[in-house]
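Read the single chain below, which is given as structure tokens and is the form predicted on its own.
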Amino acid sequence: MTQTLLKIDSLTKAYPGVVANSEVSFEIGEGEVHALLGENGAGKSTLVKMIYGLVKPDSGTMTLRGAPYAPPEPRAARGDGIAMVFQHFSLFDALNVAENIALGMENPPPMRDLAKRITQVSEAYGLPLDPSRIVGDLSAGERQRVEIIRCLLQDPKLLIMDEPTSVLTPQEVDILFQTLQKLSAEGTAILYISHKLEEIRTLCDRATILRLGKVVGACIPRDSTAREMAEMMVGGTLQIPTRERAELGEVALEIANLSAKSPSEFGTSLKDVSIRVRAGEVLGVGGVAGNGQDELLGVLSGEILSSPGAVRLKGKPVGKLGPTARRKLGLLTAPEERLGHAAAPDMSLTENALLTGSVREGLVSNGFLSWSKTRTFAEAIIKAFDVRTPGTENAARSLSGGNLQKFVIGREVLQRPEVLVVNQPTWGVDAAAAASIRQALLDLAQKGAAIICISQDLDELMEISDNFAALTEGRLSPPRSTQGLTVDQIGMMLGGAHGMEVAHDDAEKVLA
């Protein structure tokens, strides 16, 4: 038995219309890797924000190393040895590694000394970093290293990690786990939030499970199956996505030898990309974050224009058409960034339903908006995709990340697209919601829609895709049938070791 580092006793936090946490109690031991599990909206984010000093609890207490602990702000939490690596990185692309790390420190040392310390710590924990590299040039995995090293320089006693592997290759996940195990062996406790339950089984010593803001159970992950943990989270039986495979139809979407410059200085330009997707097909596109995923979706959605014939929808050139015109023709997209790109944060769910559904759902007539039809459409999305929200008039930013993701995907699926392109459809989404979203995509394909699923979740791509292509540094490999393709092979392709010659014969068969 390890000594208790942090004890949480009856923490409660309520917001208008929802109780985020209700009398939550559990303990984290020194050197323990403790998983915090729960569906989207279960209260995980609110709980860790209270631990980190971002949110003040309404009632309940915390004890850190036997002393009362109630941080009024993150600075106080850091001073008490609590560090946090957020799901969304907080880095400045134009600054180098050392400058970004200095910005997160209360009293940074001279830059030369800091750079030396970064090199020492990063090498000691198997996360090598060059302090002089510009962050905008780093891969997603390297950016995460910056965040972790920034925390480790504070000598934390508790490290909170929120969905840390969502942007990593399998090889990078292995490196991260080695680092976390080394930290644990040295006595640092880790509070680990992830929806990837096999990772939880591999890494974590204990798990606390939340449902609707309450602790509903605990387990030792290595003694439980992923399915058992998922069913504890949802309080019922987990449905596994299923699909009856049918003959593929005609080519629905085609890109031929397209190159496109990224609109972002730190983006990745597309280089000679070719895609052909048939009606009823699910094409999985895998790639480590920052390899051209956003640019690929932009080219397909019409946010990045190309020559007329470079993109063809059912044989019709649409390269010069914008997003609204393409939506009218049946090409719909759901981007990765939920707040600000897929949804307007301060607009209600009704208004967000209108933003992309106005044409295909007939929500505008003779220049007038039909709010009743729009509200009905928003209600249908909420019901069909089990979006946890008090109502359609709540702002998009009021939803948890996973619930907003369900709304965004549902909004596009219910518009009956002929081609749907989704980027990271289940990112940050719990097991039950992920299964529901994947089933919705498979059902669409079954009805004859062509699906392009861009994802960094390799298990997801293997589960739902007919064919797979790897996106690396803006180049897309020839597609290969997912049957017989291993996760290790995909991981090597995503890391740049393409071995394209292995896939070439299969690719020609697929494209024939």
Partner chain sequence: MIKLEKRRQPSQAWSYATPVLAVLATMFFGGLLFAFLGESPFAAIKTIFWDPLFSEFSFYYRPQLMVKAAPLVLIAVGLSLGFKAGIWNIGAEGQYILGAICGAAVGLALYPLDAWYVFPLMVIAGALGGMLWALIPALLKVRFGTNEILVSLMLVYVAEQLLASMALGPLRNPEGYGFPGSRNLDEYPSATSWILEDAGIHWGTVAALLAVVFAFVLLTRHMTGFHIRLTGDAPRAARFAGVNPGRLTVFSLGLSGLFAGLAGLFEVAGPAGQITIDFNSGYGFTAIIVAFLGRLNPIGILLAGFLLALTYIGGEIAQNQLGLPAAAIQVFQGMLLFFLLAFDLLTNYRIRLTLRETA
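Keep in mind that what you see is a predicted model, and the values were worked out from it rather than measured. In this text, the rigid core denotes the largest set of C-alpha atoms whose superposition between the two forms falls within 1.5 Å. Residue numbers count along the first chain shown, from 1.
Absent from the display: the form predicted together with its partner chain. The rest refers to it.
Asker: Even though its partner chain is not shown here, does H341 get within 4.5 Å of it in the predicted bound form, heavy atoms only?
Answerer: Yes, H341 sits close enough to its partner chain in the predicted bound form that at least one of its heavy atoms falls within 4.5 Å.
Asker: Classify G217 as contacting or not contacting its partner chain in the predicted bound form by the rule of any non-hydrogen atom within 4.5 angstroms, answering yes or no.
Answerer: Looking in the predicted bound form, residue contacts with its partner chain do not include G217, since no heavy atom lies within 4.5 Å.
Asker: Would P72 show up as a contact with its partner chain in the predicted bound form if we use heavy atoms at 4.5 Å?
Answerer: Taking the distances in the predicted bound form, the answer for P72 is yes, it comes within 4.5 Å of its partner chain.
Asker: According to a 4.5 angstroms non-hydrogen atom cut-off, is R411 in contact with its partner chain in the predicted bound form?
Answerer: Taking the distances in the predicted bound form, the answer for R411 is yes, it comes within 4.5 Å of its partner chain.
Asker: Taking 4.5 angstroms as the heavy atom distance cut-off, pick the stretch from 278 to 286, 360 to 368, 426 to 434, 173 to 181 that is near its partner chain in the predicted bound form.
Answerer: Heavy-atom contact with the partner occurs in 360 to 368.
Asker: Quick one: of E163, D205, E142, E351, which gets a non-hydrogen atom within 4.5 angstroms of its partner chain in the predicted bound form?
Answerer: If I apply the 4.5 Å criterion carefully, the residue I get is E351.
Asker: Its partner chain isn't shown here, but in the predicted bound form which of G104, P323, G267, P317 has a heavy atom within 4.5 Å of it?
Answerer: When its partner chain is considered in the predicted bound form, the option within 4.5 Å is P323.
Asker: Check for me whether its partner chain, as it appears in the predicted bound form, comes within 4.5 angstroms of all of E198, R222 and D457 - heavy atoms only.
Answerer: Negative, none of the three is within 4.5 Å.
Asker: Using a 4.5 Å cut-off on any heavy atom, which residues of 290 to 325 would contact its partner chain in the predicted bound form?
Answerer: D294, S301, E303, P323, T324 sit within 4.5 Å of the partner.
Asker: Relative to the superposed rigid core, does L369 relocate between this form and the one not shown - that is, does its Cα move 2 Å or more?
Answerer: For L369, whose C-alpha is compared between this form and the one not shown after core superposition, the shift is 2 Å or more.
Asker: For G81, is the C-alpha shift between this form and the one not shown 2 Å or more after core superposition?
Answerer: Not so; G81 is displaced by less than 2 Å.
Asker: Would you say G217 moves between this form and the one not shown, meaning its CA shifts by 2 Å or more once the core is fitted?
Answerer: Shift at G217: below 2 Å after core fit.
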